[in-house]
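This document starts with one chain, in the form predicted alone, laid out as structure tokens.
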């Protein structure tokens, strides 16, 4: 599945969506509003799954009907209608509109990790703890599970993730005399100079319109740009000294014309990957599949490695992308809906389909350790076992990273401030200050206490 275009779509925003994130989307609740503290009995679960039931599932994942069919075969009484109501913020807008109207909301929704808090803020997600979700918590990479759970509940089941690595043109790098992937960011800057001087290529591109990628790079560097207490208090620190250090590094490469600053996921970007304008791409685990479809003519010329490290000897990454399945608290069939969300993301046959048919990079630890997944030698990458590499990288993503309950605004504001500065090759550190000010002002206007 070419996930990146969906990520790119999610960067867009509208005032209507931003308002709905925080205004009024009260959940209303289904038949099981008070189930949060008491486990549902196995007898009740068995009865519900044998009772004729209709569920609606809103998702953008292509051909997910195949995974749903496995669920329906296991539970013949349950009939699931799969609907794609849009991707990115179009999807979320329609979910919130249905919740606000009190009518027409689905039972289960696809939701990216960074947008879960915007739904928990409005009590719109069903706590999956009473339905046995805690029993499978150890079956996903730790940091992904941390993204879907809190002290108050378990809000979604991880489906896929995007641990970040370095995809690079080994032929261009070799032409520049760079025979090993840069181990540190200092090495990366040196290699960038060599590549630009010898080949005219940029070692990579820092896009002007992709806050998710920059957030992943900040995540890797140990920057914690924001946090939320789950109620009305947020911390916002996007211009911290650590964040400034990261942006100062990229400022230097930009000022020396060693990296591109083009918008990504458009025709020009795809051409840049195909023609060698970019000799590499700091991207996520879904990047290798995307690249094979975008730059097919360059097959055999690419290699994959972990991200460069800020300190020699470190093994740390960040995450970019991935999504989950959550149950809306308005569902009238919470047991069946919870079973659907869990089954498709936990059943071995279903998770293998996601990985091998839709090419989603799995959050399942069982699949990440499965030789049938990790052992594949990819011709596009010169026979390298790319899944094995990224499975290892998945274990190095820091678990201590959270989101604000208004990430739509945060990302939109990035594009207006830091993104604009990147595209203009301007002052990135100054743009961090502007980003900070905009987020703080928005949070306070929405009634949050900013620490």
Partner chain sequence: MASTTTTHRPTATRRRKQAAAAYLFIAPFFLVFTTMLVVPLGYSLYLSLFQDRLIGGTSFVGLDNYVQALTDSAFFGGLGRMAVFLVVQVPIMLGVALFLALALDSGRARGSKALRLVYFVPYAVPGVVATLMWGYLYGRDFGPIAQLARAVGLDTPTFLDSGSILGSMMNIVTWEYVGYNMIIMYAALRSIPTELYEAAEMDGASQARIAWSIKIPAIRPAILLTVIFSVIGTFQLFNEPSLLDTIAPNAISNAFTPNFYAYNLAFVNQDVNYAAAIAFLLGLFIAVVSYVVQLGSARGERKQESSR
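Positions refer to the first chain, counted from 1. Not measured: the values here are computed from a predicted model.
Omitted from view is the form predicted together with its partner chain, to which the following refers.
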* Let me know the one among 190, 299, 271, 137 whose heavy atoms come within 4.5 Å of its partner chain in the model of the complex, would you? => 271
* **Of 243, 304, 121, 164, the one that lies within 4.5 Å of its partner chain in the model of the complex (heavy atoms)** => 121
* Check whether residue 232 has any heavy atom within 4.5 Å of a heavy atom of its partner chain in the model of the complex, and answer yes or no. => yes
* To do: Decide whether residue 392 counts as a contact residue for its partner chain in the model of the complex under a heavy atom distance cut-off of 4.5 Å.
  => no
* Asked: Is residue 333 close enough to touch its partner chain in the model of the complex, meaning at least one heavy atom pair within 4.5 Å?
  -> no
* Does residue 387 reach its partner chain in the model of the complex if we count a contact as any heavy atom within 4.5 Å? -> no
* Structure fact -> Only one of 66-74, 42-50, 421-429, 379-387 has residues with a heavy atom within 4.5 Å of its partner chain in the model of the complex, and that stretch is 421-429
* Looking at its partner chain in the model of the complex, is some heavy atom of each of 143, 145 and 324 within 4.5 Å of it? -> no
* Structure fact -> Of the residues spanning 260-279, the ones with some heavy atom within 4.5 Å of its partner chain in the model of the complex are 262, 263, 266, 268, 271
